[in-house]
Ligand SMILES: Cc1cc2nc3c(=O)[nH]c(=O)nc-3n(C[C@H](O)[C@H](O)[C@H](O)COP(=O)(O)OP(=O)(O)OC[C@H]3O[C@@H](n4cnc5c(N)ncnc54)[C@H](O)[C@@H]3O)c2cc1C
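Okay, so here's just one chain, in structure tokens, the form predicted alone.
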Amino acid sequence: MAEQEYDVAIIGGGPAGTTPAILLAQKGRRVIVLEREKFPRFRIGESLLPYSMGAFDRLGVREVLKSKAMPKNGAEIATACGSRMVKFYFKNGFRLKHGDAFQIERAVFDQVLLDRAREVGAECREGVHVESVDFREDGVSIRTNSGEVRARYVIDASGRNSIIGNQLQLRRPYPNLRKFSCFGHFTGVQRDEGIDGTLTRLVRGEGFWFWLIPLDAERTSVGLVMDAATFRARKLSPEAMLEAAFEASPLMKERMAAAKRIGEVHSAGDYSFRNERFTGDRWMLAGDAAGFIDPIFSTGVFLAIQSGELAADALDRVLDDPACRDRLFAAYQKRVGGIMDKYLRFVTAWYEPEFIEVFTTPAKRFQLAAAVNAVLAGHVGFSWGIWWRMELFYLVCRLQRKVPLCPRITDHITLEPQAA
């Protein structure tokens, strides 16, 4: 038997779901969040971007996060051999509004947002498994393991296994991004002193890379991303693959020399995709349910929050004036798709060898480094000053393939299996 009808039902209690739940509930909308798991639960994606700070103010969680998180002031990118390294700080980004962000364990971050959603009036149910969504002319019926939920609109924020995306067969993979990742939390990982100890550290090899994200004074999130085909060819467990990768990289071997793993090694593969559409008459997709590109540059949580904001703002207006739905949903599709396009181009470039050669040879001329810095900080709105600088950066990367404008990297580290 169906219960009362809500204005908006949200599938998923991660940041893509709780962001619109908070914003809509603050507007007095009747909102329900249906979360499959019980919080707290482990998730990856612990590094946030400066351009989410404004959203945290809207959500009313910035001060709470500040009390629970590590500051993040920028990032460091290095080669796996250790011969090249560059650090950048968000305060030097091209016309950035915010000079820092947070590093925070996802179990803590997600709990803060879910608690805030409840605080402002959203109904949040954990342990609810959504089985299917039925669309009606005037709303939706959501079938769950605990009964039926009806709403005028639904936001699918259920993650990469998108309920609506899969139900409507919208999923389309990125053929060039078939990756595998394994990751865990460690103590004793080497860190630099002062502000440099807050940086996200990316270590790049040939066809693979590591992340190192400080979570607190002791713990560091460490992960490996590699080609899925290479992982299958190595025939190792995720735990063994992670250890083998540490040994292969002189820089990572040094940084992990005194490290001890806490808990299990988690893994994921073939996660890069985009759904064909993000909206329908009564539904919207947000966050990973709309699409996921790659773990690099912390875009996953950033896109979850950004799309959640945009979905909430659109639905708040549509609930008052249904006649504007088509226009606002089309604008949402274009905006979220445009953000994904921007990061897809960036991520595709990252996996080319020229990227690391150009990026680790920064030049002050034209403020190219500052523009790249701004995009890495989450500046995804149109800015002529950033646009032409990024186009010039990509041009330099293309030219680098044929002409060594920047010094070549000759001591490549690879994880490819050794020939017998």
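Everything quoted here is computed from the prediction, not taken from an experiment. Start at 1 and count along the sequence shown; that's the residue number.
What comes next is about the form predicted in complex with the ligand, which is not displayed.
Contact annotation: E354 falls outside 4.5 Å of the ligand in the model of the complex, judged by heavy atom distances.
Remark: A157 counts among the residues lining the ligand in the model of the complex, judged by a heavy atom distance of 4.5 Å or less. Residue contact check for F273: none of its heavy atoms lie within 4.5 Å of the ligand in the model of the complex. Looking at N176, you'd find every heavy atom of it more than 4.5 angstroms from the ligand in the model of the complex. For the candidate spot formed by F94, I386 and F393, no residue has a non-hydrogen atom within 4.5 angstroms of the ligand in the model of the complex. For the candidate set N73, T79, T299, T220, a heavy atom within 4.5 Å of the ligand in the model of the complex is found for exactly one residue, namely T299. Proximity to the ligand in the model of the complex, defined as a heavy atom within 4.5 Å, holds among M252, V189, A304, L315 only for A304. Judged by heavy atoms within 4.5 Å of the ligand in the model of the complex, the contact stretch among the candidates 167 to 175, 288 to 296, 331 to 339, 317 to 325 is 288 to 296. Contact annotation for 163 to 177: a single residue, I163, has a non-hydrogen atom within 4.5 angstroms of the ligand in the model of the complex.
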